[in-house]
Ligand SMILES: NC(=O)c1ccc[n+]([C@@H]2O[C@H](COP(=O)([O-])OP(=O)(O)OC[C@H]3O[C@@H](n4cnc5c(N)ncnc54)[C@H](OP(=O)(O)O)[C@@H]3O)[C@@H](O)[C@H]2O)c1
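Only one chain is given next, in structure tokens, and it is the form predicted alone.
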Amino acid sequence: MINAETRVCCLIGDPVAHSLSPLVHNRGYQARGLDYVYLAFRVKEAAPAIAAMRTLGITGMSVTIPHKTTALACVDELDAEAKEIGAINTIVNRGGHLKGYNTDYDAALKALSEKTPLRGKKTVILGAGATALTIALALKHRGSRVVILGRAPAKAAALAARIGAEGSGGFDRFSEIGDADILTNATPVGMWPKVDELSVPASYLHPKLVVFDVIYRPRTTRLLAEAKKAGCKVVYGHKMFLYQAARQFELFTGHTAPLVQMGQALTRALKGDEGVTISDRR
């Protein structure tokens, strides 16, 4: 039962109505018997919300678009990965001291590594925002060759220069996918409710490609559906979502995340897709 002793964690972002974070985190608390509750708040500006975290004694905060970079200036300390990336998705409050983390980094690597080796592989990343930056840097550290394509070529070029990527360009350079090993969509194209949108024309997909879409709702985005038709291996965004949430759970609570129970809750919530479980491997 929620009472004055219940620890509060939350998500801030805009939008948040589609988010399954409250479902997954609360299922984890229930499985571990913890007196915690997780809520979602639609927030236009990060700074006042993070200031309220101190005032209200909120234990943990997940940060999603569009606040992953603006939140940096609102915390007292950054862990090493978050500092290098320049974006956070997690804040932990310890007695009023706020520390920022980026749990997307390891989550993306784990999700991709389940399907393909990363060293020496050419990866084309679509997008030039905080998520694209996080994944690009993670892959560079694992020895991948990274090309970044963005709707705004100048922004993609700046990101590529920052991390030492192999190349960059606009969406007029989809031909880069032709000899790529991995394609990662780090844009919101195809996210609920605009599920019919496609981030790259299907004609560029080929059977030697591993296609990773960071979008987790819908579970099978149109990009992943077209990738399956083309004979590609696919990496579902809900894997990355689950792994980053599990790490947040551990940072917030100090307890090992009940990955199975959290994953089952996520799978049930995404039952509108093919019904493939978290443990499925293609």
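Computed from a prediction, not measured in an experiment: that's the story for all the values here. Rigid core (definition): largest C-alpha set, two forms, superposition within 1.5 Å. Residues carry their position along the shown sequence, with the first being 1.
Here the subject shifts to the form predicted in complex with this ligand, a form of this protein not shown in this document.
Within this chain, residue 230 is remote from the site of this ligand in the model of the complex, having no heavy atom within 4.5 Å.
Taking the partner from the other structure, this ligand in the model of the complex has a heavy atom within 4.5 Å of a heavy atom of residue 244. Of the heavy atoms in residue 127, some are within 4.5 Å of this ligand in the model of the complex. This ligand is not shown here, but in the model of the complex it comes within 4.5 Å of a heavy atom of residue 240. Contact with this ligand in the model of the complex holds for all three of 187, 191 and 216, each having a heavy atom within 4.5 Å.
Proximity to this ligand in the model of the complex, taken as a non-hydrogen atom within 4.5 angstroms, holds for one residue of 90, 168, 93, 131, which is 131. The single contact residue among 195, 152, 202, 158, judged by any heavy atom lying within 4.5 Å of this ligand in the model of the complex, is 152.
With the partner omitted here, the stretch from 250 to 258, 38 to 46, 61 to 69, 22 to 30 that lies within 4.5 Å of this ligand by heavy atoms in the model of the complex is 61 to 69.
After superposing the rigid core, the C-alpha of residue 65 moves by 2 Å or more between the shown form and the other one.
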